[in-house]
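One chain comes next, on its own, written as C-alpha cells: the form predicted alone.
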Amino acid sequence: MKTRYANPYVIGTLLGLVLLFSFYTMGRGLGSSSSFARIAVAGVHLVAPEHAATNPYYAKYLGGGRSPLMAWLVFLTLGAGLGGLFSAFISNRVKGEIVRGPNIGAGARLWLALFGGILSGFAARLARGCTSGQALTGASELAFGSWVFMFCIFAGAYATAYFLRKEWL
C-alpha cells in the first residue's frame, strides 16, 4: 500500500500563513529551541531552585514570578509535536520501529540519534536560534546571517551524509 503524504506546496503555504499570524499576533516569528531551554530551566529549578535563581542564564527565564513553562513558544512546540503525532495517526503511519540501515544496529542508531539531538540543541542555543527560528523567521526577515546559516546547514548535512551513508546502504 502506497503511503500518501500531504501536498508540500499546500503545507508550505499554510506554514507561511502560520508564520505571518505569529508575527501579527505575537510580534515575533516561530522557533522551538527556547521552549526546550525553558523546559530544562523548569527542571533545574525543580531540583535546585537556588542554583537556578543565581545562574544568569537560568535566571532570565525565571523572571516575573511565572513558571518558565508559561510561554507561548512552549505551547507552540507542544502543539507541533501533537500535530505531527495526530497527522501520523490519521494516515496510519504510527509504528513501533527503529528506522535504520542494514549496516547499523538498533542500539547504535539510538545513540547516534541521541547524540545528534543533543548536539543540535546545544548548537541551536549557541546560535541563538534553531533551524526553524533561523530559517523561517530569519529568512522571512531577510536577515543575512539566517541565510548564511541555512546554506551552512545544507552544506553540513550533505557533508555528513557522505560520511554516514555507509550505515544506511
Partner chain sequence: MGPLYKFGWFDFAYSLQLAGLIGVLFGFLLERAGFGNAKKLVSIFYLRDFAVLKVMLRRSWYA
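Computed from a predicted structure; not experimentally measured. Positions refer to the first chain, counted from 1.
Missing here is the form predicted together with the partner chain; even so, the following discussion is about that form.
Residues of just one listed stretch (24 to 32, 39 to 47, 115 to 123, 57 to 65) have heavy atoms within 4.5 Å of the partner chain in the model of the complex: 24 to 32. At least one heavy atom of G16 is located within 4.5 Å of the partner chain in the model of the complex.
Among heavy atoms of G12, some come within 4.5 Å of the partner chain in the model of the complex. By the criterion of a heavy atom within 4.5 Å, A52 is excluded from the residues contacting the partner chain in the model of the complex. Under a 4.5 angstroms non-hydrogen atom cutoff, the partner chain in the model of the complex has A135 among its neighbouring residues.
Contact annotation for 85 to 103: residues with any non-hydrogen atom within 4.5 angstroms of the partner chain in the model of the complex are F86, S87, A88, I90, S91, R93, V99, R100, listed in sequence order.
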